[in-house]
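Given as structure tokens, the chain that follows is alone and in the form predicted alone.
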């Protein structure tokens, strides 16, 4: 008896799930840092250009590819790529990137996600309530992460306990499948996330001028720091690349997750309107909520001089060092701190379960095993694979995993799938496939954008990176000498994972040939 593939329960469920995959820690932490560091309001010009020329086309491409591949009972890139170019024996191996990227991100993302759960607990219990400076809160974070032993934490045990809880929560959701696990989670978590975001945003927008002695430290100037445009920044290629990179991060395109989610659609399901709905929800969370909370609040309490350093200190410091200090200055600060970190936790878990799904779907679809067994294999393997990210956090390992799994592979995979969709599958055929079951028509200009502009944009991003940073990155020229053995070990670790996945693809296709 043939195994019946899972399906989504409702259109709202799939939209919530894809939006949940896209809305992650980057919306609330990475976006304001990128905007503040790259021209403020001027950053939004390349940001929205990248959204319309890169993000939305890739969203439609991946929804369409996933639905098409699902019709052949393939839920991951190797199988989907193979169905689109059956004459090419090797294209399925390129599709390995669509499993490799999400898997690599999952093995460090779940650890970072666990920090948000821990800090929501710390906020509620007042564990960091007596800390009043950036340096003391930084020391608290380092002690929690196991990077130093101090008065707050003597070991990594606390962090590891919260990691176990978070990892187990992810596995439980994945275990219950598409409809009973992921869809149900996102239908609960997404409204809560948006609700918490609106509560915090309203509180920030009503801050006024808390310090009468410093009238310039006010909300209007805080918003101005983030949104006043520095148009000279548009001359820098770095700003344009940063904007394009943020679009990749924020929409979860180029990872392979949307391919898998869309593979559970039926042939007549609308991918045009559903894709746009997911994009719109993500942009609401990022631009409206993400742009109205962190930087403006930090400016009001720390002023124009310190905010420069805060904005440049990175997303982690902003979220786990600066924001707790901000909330402590508010009435009911423990409450606001708790819901801030719960917001981040919900954003994190709806993304991390999506990162797990390609690997689980690959085991289910290509090896024809049960969901229960596939999740068990995935959980056991990932628990082991997560350990280097936890215990070698201070050695550059997470940064290395993030770059190759969460940055380079995204652009490489997106380039491959766009060329495959528009040029190999064929733009006319692709255009018909996009509109199958659609309630609205995509503007015809996107036919040219998808065929010419999107792949050119992606190739330029790859080319600029190879020209400007490729060789120094490969040779570890910007890596501290003490970290180089660990970074090299991380690269060997990544190559090992990729080879194992490629071998599994080979075995899966050999099994299928033997059955025929």
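Residue numbers count along the first chain shown, from 1. Just so it is clear, the model here is predicted, and its values are computed rather than measured.
This next part talks about the form predicted together with ligand PFF, which is not shown.
Enquirer: Are any of the heavy atoms in residue 185 no more than 4.5 Å from a heavy atom of ligand PFF in the model of the complex?
Expert: Contact with ligand PFF, no.
Enquirer: Any chance residue 421 has a heavy atom within 4.5 Å of ligand PFF in the model of the complex?
Expert: It does not: once ligand PFF is placed as it appears in the model of the complex, residue 421 has no heavy atom within 4.5 Å of it.
Enquirer: Would residue 32 sit within 4.5 Å of ligand PFF in the model of the complex, counting heavy atoms only?
Expert: No, no contact at 4.5 Å.
Enquirer: Under a 4.5 Å heavy atom criterion, is residue 501 part of the interface with ligand PFF in the model of the complex?
Expert: Looking in the model of the complex, residue contacts with ligand PFF do not include residue 501, since no heavy atom lies within 4.5 Å.
Enquirer: Ligand PFF is absent from this chain, but in the model of the complex, do 116, 197 and 342 each have a non-hydrogen atom within 4.5 Å of it?
Expert: No.
Enquirer: Can you pick the stretch from 441 to 449, 245 to 253, 145 to 153, 333 to 341 whose heavy atoms fall within 4.5 Å of ligand PFF in the model of the complex?
Expert: Selected range: 245 to 253.
Enquirer: Within 4.5 Å of ligand PFF in the model of the complex, heavy atoms considered, which of 81, 261, 109, 346?
Expert: Contact residue from the list: 109.
Enquirer: Using a 4.5 Å heavy atom cut-off, which residue among 25, 505, 497, 15 comes into contact with ligand PFF in the model of the complex?
Expert: For this set of options, the contacting one is 25.
Enquirer: Go through 324 to 359 residue by residue and record those having a heavy atom within 4.5 Å of ligand PFF in the model of the complex; state none if no residue qualifies.
Expert: Contacting residues: 351, 354, 355.
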